[in-house]
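Coming up is one lone chain in structure tokens, specifically the form predicted on its own.
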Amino acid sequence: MAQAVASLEQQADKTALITGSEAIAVACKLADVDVITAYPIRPYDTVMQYVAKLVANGELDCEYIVAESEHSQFEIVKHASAVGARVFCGSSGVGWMYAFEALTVTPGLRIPMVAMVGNRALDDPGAFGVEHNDALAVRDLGWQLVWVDNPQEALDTALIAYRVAEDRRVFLPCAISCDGAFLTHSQALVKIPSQEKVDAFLPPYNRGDLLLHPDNPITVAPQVNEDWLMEIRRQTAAAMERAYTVIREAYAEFEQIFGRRYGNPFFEEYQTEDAEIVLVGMGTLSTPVKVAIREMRKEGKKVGFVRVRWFRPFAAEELAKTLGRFSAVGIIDRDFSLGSPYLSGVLATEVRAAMYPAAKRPPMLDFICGLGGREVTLPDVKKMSDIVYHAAEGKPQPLTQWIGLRE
């Protein structure tokens, strides 16, 4: 095994200047996806366009089906997965919501679908800019949810998502969230691994005795009502619990084969070793936050950043242990949860719940910021950091504040 891995490491990756959406499409090619469905909605549609180009050029051999709606495209891949096909599809904003019936039943059917959400604000009013509420709508249903912040991580995470979702211990769908425009349409240099590396990392999709086939008479989606529904829900919950272990295994083997290390799979820490306060967030807002932190460090302010990758499963105990090291915490939500506890965003509510049993609970503030694709600016980050510093000093602060609002 060691010799095989060493041989793979010697194979040079190709480098390409591509967007986050194109990186996901390249991952579909490398993963040898069998069935891909499409229905256009911005900003996700850039994925289906690049997949169509790969198919037209003879670089990707798959069943590429243009559906008549978002609902239909998710239904098509759901059934294709049940009969043994590796599948991919995706959507954005209200398109993701239009598919909600299909999205709801997919985890309970134990369909390891991988989908991309091009994060976009929900209408009305109409907006194409990034918000996280679309993907977060499935957070309680059994979908695994992961946020990425650059095209390289998008490609790598897509391969990891197939490995985790299709593991028999899990068999749950996974949605890869890519911030609209900031990631879906932005180019970066990406290392594209060889097919041999991917084949060594990602085994063929195998449903085993759960394959829907005439030679294997099984029942899919029976009407169970009160007789068996609780047991089925518990089985789905147990699969999500096992996903923690499978995710760790997948990242460890990914590092061994591809040579890229992500450290903690569930969240990234940036300049936290000596930090007094930290900001917490998801997705591409990490770019302005990290730039602002470097500037504040020059001013003597010890600010760190924790970027949550996997939102489901949520690494509550590990995150609580990490955040308990700091004097105060500021959570940046690129989402909203109207009427929630303390009128906070979704991420802040989850983080506070995770911190509740912890021995050390620093002050935790929430900032609603960057909705509808509005830029999270360096002054915004510095303002939020100053507010968190005030909380660390014992000065009372509102638990939730909206940042960047027009006067």
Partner chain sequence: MGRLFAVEIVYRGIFQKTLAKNISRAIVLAAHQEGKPGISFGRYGDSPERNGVPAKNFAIVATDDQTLEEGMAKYEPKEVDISIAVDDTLCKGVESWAWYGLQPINRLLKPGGTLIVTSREEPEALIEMCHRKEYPYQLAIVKGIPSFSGLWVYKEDHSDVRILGAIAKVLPELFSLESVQKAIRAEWKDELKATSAARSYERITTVTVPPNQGNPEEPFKFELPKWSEMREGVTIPAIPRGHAMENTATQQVGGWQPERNPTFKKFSTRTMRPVVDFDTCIKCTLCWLQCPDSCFDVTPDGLYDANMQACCGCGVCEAVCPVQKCVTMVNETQFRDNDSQWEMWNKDKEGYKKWLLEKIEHGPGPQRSHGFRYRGQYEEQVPEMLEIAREG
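What you see is a predicted model, and the numbers here were worked out from it, not measured in a lab. Residue numbers count along the first chain shown, from 1.
The same protein also has a form predicted together with the partner chain, omitted here; what follows describes it.
Novice: Name the stretch: of 205-213, 271-279, 157-165, 310-318, exactly one has residues whose heavy atoms fall within 4.5 Å of the partner chain in the predicted complex.
Specialist: It is the stretch 205-213.
Novice: Taking heavy atoms only, is residue 242 within 4.5 angstroms of the partner chain in the predicted complex?
Specialist: Close contact exists here: in the predicted complex, residue 242 approaches the partner chain to within 4.5 Å, heavy atoms only.
Novice: Just to confirm, residue 235 within 4.5 Å of the partner chain in the predicted complex by heavy atoms?
Specialist: Answer yes; at least one heavy atom of residue 235 falls within 4.5 Å of the partner chain in the predicted complex.
Novice: Is it the case that residue 218, even though its partner is missing from this view, gets within 4.5 Å of the partner chain in the predicted complex, heavy atoms only?
Specialist: Output for residue 218 is yes: heavy atoms within 4.5 Å of the partner chain.
Novice: Mark residue 109 yes when one of its heavy atoms lies within 4.5 Å of a heavy atom of the partner chain in the predicted complex, and no otherwise.
Specialist: Residue 109 belongs to the contact set for the partner chain.
Novice: Let me know the one among 196, 227, 295, 255 whose heavy atoms come within 4.5 Å of the partner chain in the predicted complex, would you?
Specialist: The residue from 196, 227, 295, 255 that makes the contact is 227.
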